[in-house]
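Single chain ahead, written as C-alpha cells, the form predicted alone.
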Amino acid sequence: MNEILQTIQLSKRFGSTVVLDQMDLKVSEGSVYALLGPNGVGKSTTLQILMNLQQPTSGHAEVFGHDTRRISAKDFTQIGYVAESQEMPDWMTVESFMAYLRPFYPNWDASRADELLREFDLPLGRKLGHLSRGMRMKVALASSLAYRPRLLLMDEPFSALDSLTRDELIEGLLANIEGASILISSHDLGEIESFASHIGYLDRGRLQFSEDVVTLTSRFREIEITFEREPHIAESGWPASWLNVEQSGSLLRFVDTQFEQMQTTAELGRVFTSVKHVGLKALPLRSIFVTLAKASRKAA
C-alpha cells in the first residue's frame, strides 16, 4: 500500500525544548490513522508541519510524495484541514464563507456542499463569529469535505464538544470520506476506536509504535492473578512488557503489552508459584492509552 504522507527523521525544537525527535511516520493511502499521545508531545506540531504552517528543525515531511516545504497550490486543493484552534472570518455568514471558498477548489461539489450544510443543520445566514464551537467545527468539516479531498488532517476536532455534536461530526465524516485518507489527533479515544484503522502513539517526541488497530488491541491484555496466599512480589526479572503492576492482598494485576497466549503462559509459570487462578481481559483503546501514559510518567 502506498504512503499518502510520511515524515523522515523529523525533528522540531523550540529553543532548547525538543518537541519532535527524529520521528518516522507513515500513513497509507485509504487509511484512517489516529495519532495519540499526552498533551504537549507534538501531535499538533506534526500536523502543522505537514500543512507547511511550521518548518522542521531537521528532517522533512512529505505529502503526496512532495516535500511539504515546497507543497504546491494544486496539492493544497486536495487537502482538508480541520483544527481545534482553526481561525475563520467571524464577519462572514456560513453561506458567504462557503461561496468564498468555492473558486479556490476545482473539485468543489456544490450539491455536496449543500447536502453537508443540511446534514449538519447549519444556519446559512448566521455569522461565523456568532456560532457555537460545535457549529464552527461543523462548518470547518463541511467546507473541507465539499471538494472531496484526497487527504484530511484533523487536529483535536472533538475536543470539548458535547456528545450529540461529537456524534454528528463523526457520522458526517464517515458518511462523506469516500476513500479519502485521514490523519487525526484526538483525546476522544472511544470515538476514535470506532473508526480508526491505524494507531500511532507519540510520547517524548518519538513515535513509540505505529500499527493497525487489530494488531494493537490483540497484544494488550490485563492479567489478574489470584494466589493461594499473599505473595511477596519482586518485579526484578519480569518481562519489560508487563506494566502498571498493582497488588492487593493475594490479588495481583498488571498489563501485558506483548500478549501471546503460549509465551505469556510460559512467562507466568516461570515468574510465579502458588497460583490459584489467572484471568485475562482484552483492553479498549482508552485503557491502552491510559496504561501507556501511566508507564511513561513513571519512567520519566
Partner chain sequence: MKQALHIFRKDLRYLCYDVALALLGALVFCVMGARHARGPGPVAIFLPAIWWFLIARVVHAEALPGNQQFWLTRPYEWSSLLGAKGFFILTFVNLPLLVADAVIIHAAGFSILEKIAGLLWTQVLLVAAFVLPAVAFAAITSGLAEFLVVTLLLVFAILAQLVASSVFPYSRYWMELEWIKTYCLLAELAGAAVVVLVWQYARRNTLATRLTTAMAALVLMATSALLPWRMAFALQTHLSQRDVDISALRIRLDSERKWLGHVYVNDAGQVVAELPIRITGLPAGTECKPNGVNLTIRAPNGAIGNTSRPPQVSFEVQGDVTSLRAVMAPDFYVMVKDQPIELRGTLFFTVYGDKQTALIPLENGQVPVTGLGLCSAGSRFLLCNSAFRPHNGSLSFRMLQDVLGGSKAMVESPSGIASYSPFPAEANIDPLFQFFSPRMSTISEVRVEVRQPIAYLEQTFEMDGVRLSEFAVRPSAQVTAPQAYWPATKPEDQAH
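What you see is a predicted model; the values in this text were computed from it and never measured. Positions refer to the first chain, counted from 1.
Not pictured, yet referred to below: the form predicted together with its partner chain.
With the partner omitted from this view, the residue of 129, 179, 103, 123 that lies near its partner chain in the predicted bound form is 103 [heavy atom within 4.5 Å]. In terms of contact with its partner chain in the predicted bound form, the residue from 195, 209, 76, 227 that brings a heavy atom within 4.5 Å is 76. Not one of 242, 248 and 263 is positioned with any heavy atom within 4.5 Å of its partner chain in the predicted bound form.
With a 4.5 Å cutoff on heavy atoms, residue 161 does not count as touching its partner chain in the predicted bound form; it lies far away.
Remark: residue 190 does not count among the residues lining its partner chain in the predicted bound form, judged by a heavy atom distance of 4.5 Å or less.
With a 4.5 Å cutoff on heavy atoms, residue 86 counts as touching its partner chain in the predicted bound form.
Heavy atoms of residue 51 reach within 4.5 Å of its partner chain in the predicted bound form, making it an interface residue. With the partner left out here, its partner chain still marks one of 232-240, 53-61, 269-277, 22-30 in the predicted bound form; by a 4.5 Å heavy atom cut-off that stretch is 53-61. Residues of 251-276 placing a heavy atom within 4.5 Å of its partner chain in the predicted bound form: none.
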